[in-house]
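In the form predicted alone, a lone chain appears below as structure tokens.
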């Protein structure tokens, strides 16, 4: 019964925490610009994420070390400084995009410009991290995120052509705007295979004191949880295709996405969208701030845990505080939330090799995973992900310049 409860809570957490501003923005833009054509990018990103999340949990359960700590031990400080600096700076940028999404959701409801909400949103996240425990962050915030299931409800109320939608799950060449098509595809991959999820998930496994007996639970949780999360992104794309394409609406700003539920749910659709956007972004902010703190603290060997009093893990607490301040400063400047979201997703794609290549080595090192190392299927998939990551690294910045 305990294992079943862990699986259930893990799936619920994945449903509530998977859909954030990056997935929502890229999926909505894909649906509005290309209909169902880019569904394959979400499917591919979800499959990749299932394997990577499962491996990060397996590594933590067997070695009782989080991903960042294992990387530092296996490759040493000089090498580890590369992913540490790159992922920390990227974390601040991605957090700023999530804060922008939260601020915009509040602007939609109140009419007060989003830069004014940035410091308040960052302070609310900091206060919850300062006072809360890991269980509150992992379960509480994500349970509120279940409101994002409103997009699934909207899909069934719109009665899409399932045959045409299924055809979008297979890669195809763009019928128009090829640069924009591939730019959005790369951004979707960056939003799906977010490295911070791996650091957060592995650290969470250590926080929850997983061991080798939890390996099967981890496999089920990672698979079903990420599948449900991918289904949410697919739902956003399908709704955007059915609502925006017939009206000829091209998504260039976040406020253009806001009415996507209005044709189905009338006035309530607007408020449900704002609530879904705000809650999903707030949950992602908590995870990203913690992920950066985990990465830095584990990398330098500091004491870390979200369950201790902040003064007992002062340096760990300082890192997530500084990360939130950095995100708030970007938000206060008033940078367009959609622009910073798409840029951060493209940069995530560019930095994927730094996060994934060491992962492949760790998952085949008996010192860390013992008899639970990767089999040929997992190794083949990870090698394919590594190859994909290098391709994304090469093309993401040029596409950012030409396709945005």
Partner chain sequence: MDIDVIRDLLDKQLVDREGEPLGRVDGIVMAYSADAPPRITCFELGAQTLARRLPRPFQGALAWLGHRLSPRGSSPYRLEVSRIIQLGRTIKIDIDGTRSAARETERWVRDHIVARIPGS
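Positions refer to the first chain, counted from 1. Computed from a predicted structure; not experimentally measured.
Note that the form predicted in complex with the partner chain isn't included here; everything after this is about it.
Colleague: Spell it out for me: taking the partner chain in the predicted complex, does every residue among 314, 318 and 367 have a heavy atom no farther than 4.5 Å from it?
Modeller: Yes, the whole trio is in contact, each within 4.5 Å by some heavy atom.
Colleague: For the chain shown here without its partner, which stretch in 226-234, 149-157, 92-100, 69-77 has non-hydrogen atoms within 4.5 angstroms of the partner chain in the predicted complex?
Modeller: Selected range: 69-77.
Colleague: So which of 81, 322, 220, 329 gets a non-hydrogen atom within 4.5 Å of the partner chain in the predicted complex?
Modeller: The residue from 81, 322, 220, 329 that makes the contact is 81.
Colleague: Counting any non-hydrogen atom inside 4.5 Å, which residue from 171, 174, 216, 310 sits next to the partner chain in the predicted complex?
Modeller: If I apply the 4.5 Å criterion carefully, the residue I get is 310.
Colleague: Taking any heavy atom pair closer than or equal to 4.5 Å as contact, tell me whether residue 131 reaches the partner chain in the predicted complex.
Modeller: Yes, residue 131 sits close enough to the partner chain in the predicted complex that at least one of its heavy atoms falls within 4.5 Å.
Colleague: If we define contact as a non-hydrogen atom of the residue within 4.5 angstroms of the partner, is residue 140 a contact of the partner chain in the predicted complex?
Modeller: Outside the cut-off, so no.
Colleague: Taking the partner chain as it sits in the predicted complex, is residue 63 near enough to touch it, meaning that at least one heavy atom pair lies within 4.5 angstroms?
Modeller: So residue 63 counts as contacting the partner chain.
Colleague: Might residue 210 be said to contact the partner chain in the predicted complex, defining contact as any heavy atom within 4.5 Å?
Modeller: It does not: once the partner chain is placed as it appears in the predicted complex, residue 210 has no heavy atom within 4.5 Å of it.
Colleague: Taking the partner chain as it sits in the predicted complex, which residues of 274-313 have a non-hydrogen atom within 4.5 Å of it? Please list them.
Modeller: Residues within 4.5 Å: 298, 299, 300, 301, 302, 303, 309, 310, 311, 312, 313.
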